[in-house]
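Below you will find one chain, with nothing else, as C-alpha cells; this is the form predicted alone, and questions on how it binds or moves follow later.
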C-alpha cells in the first residue's frame, strides 16, 4: 500500500454530498492531491491539496474533460437517477480516459444485477458492465443501504412507512464506505490487489427496518418509528403525494428488495480494509432531516 511519499492525483465527484465529501476529507488528511469536480463549484469544499473544478455534469463530455485534466484516478459517485444514468456514466469515463485517467473507482449498490428488485440497482449493474468492457483499471464498491436512508424517508412526525416486511439489511454508514474507498485509493501503485474487484461494503449486522429505525431513535434521542405497509398501501400514499411513477417504482422497489432478503449479506470488507470494525446504525455520525428523500 502506498502510505508514504507522493500520491497520484484523484478526481473526486460528488464531493458536495455525504459520501464524496467524507472521502475528500479523508484523502486530504493523507496528503493526496485532488480535483474536486461538481456542477456547482461554489458548493465544493475547500480542502488542503485540492483544486475545485467545474461546472461539470456527467453528460457534458467537454466539461468533464476539462475538469478531469491532470487526474490519474477518477472516483465516480453516481448522481440522481435520470433515466440515462448509463449514458451519463459512460460519457464521464470516456472523457476521463481521453485526458489520461487510467483508473476508476465506481460506487455501485449492493445487489446490483440485471434482475435486481431495486430499480436503481439495475442501473448500477449496467455501469459495472460498461466498466468491465472498457479496458480501464477499475474497482467497484457496492455500498450497502445507507444507515441514514430510513431517517431521510421519515415524515414530519418521524414515522417511516413502507413495505419492508420482516426482511433484513446490513445498513452501513457513509463514513465506513468512505474509509474503504480511501483504503483502495491509497493503494495507488501501477498494480493493485483491488483492480477488477467488486467490494461489497456492509455494516456489522443485518437489521429489519423496525430495528434500524429503533437505532436511529436511540442515536438521535427522537421518537422515530417504523410502520409497515403493503405494496398497495405504499403505492396509493405516494401517488397521493404527487410522486411520478418512476419515483414510486424506485422507492417501493427499495423496500421490496429489503423484504425479499437480498440485502441481508454481512461482509468483512470494512474491518479487512480499514482495520476497524464496521459501525452500527446507532453509531452513525450524521442524520438527514426528515423528508429529505421523497
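Bear in mind the structure is a predicted one, so any value in this text is a computation, not a measurement. Numbering follows the first chain given and starts at 1.
Keep in mind that the form predicted together with a small molecule is missing from the display, and what follows is about it.
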| property | result |
| --- | --- |
| Among 84-92, 185-193, 213-221, 157-165, the region lying within 4.5 Å of the small molecule in the predicted bound form by heavy atom distance | 84-92 |
| 65, 39, 52, 238 - the one with a heavy atom within 4.5 Å of the small molecule in the predicted bound form | 39 |
| Distance check, residue 9 to the small molecule in the predicted bound form, heavy atom within 4.5 Å | no |
| 4.5 Å heavy atom contact, residue 16 and the small molecule in the predicted bound form | yes |
| In the predicted bound form, residue 125 touching the small molecule (heavy atom, 4.5 Å) | no |
| Residue 146: touches the small molecule in the predicted bound form, heavy atom cutoff 4.5 angstroms | yes |
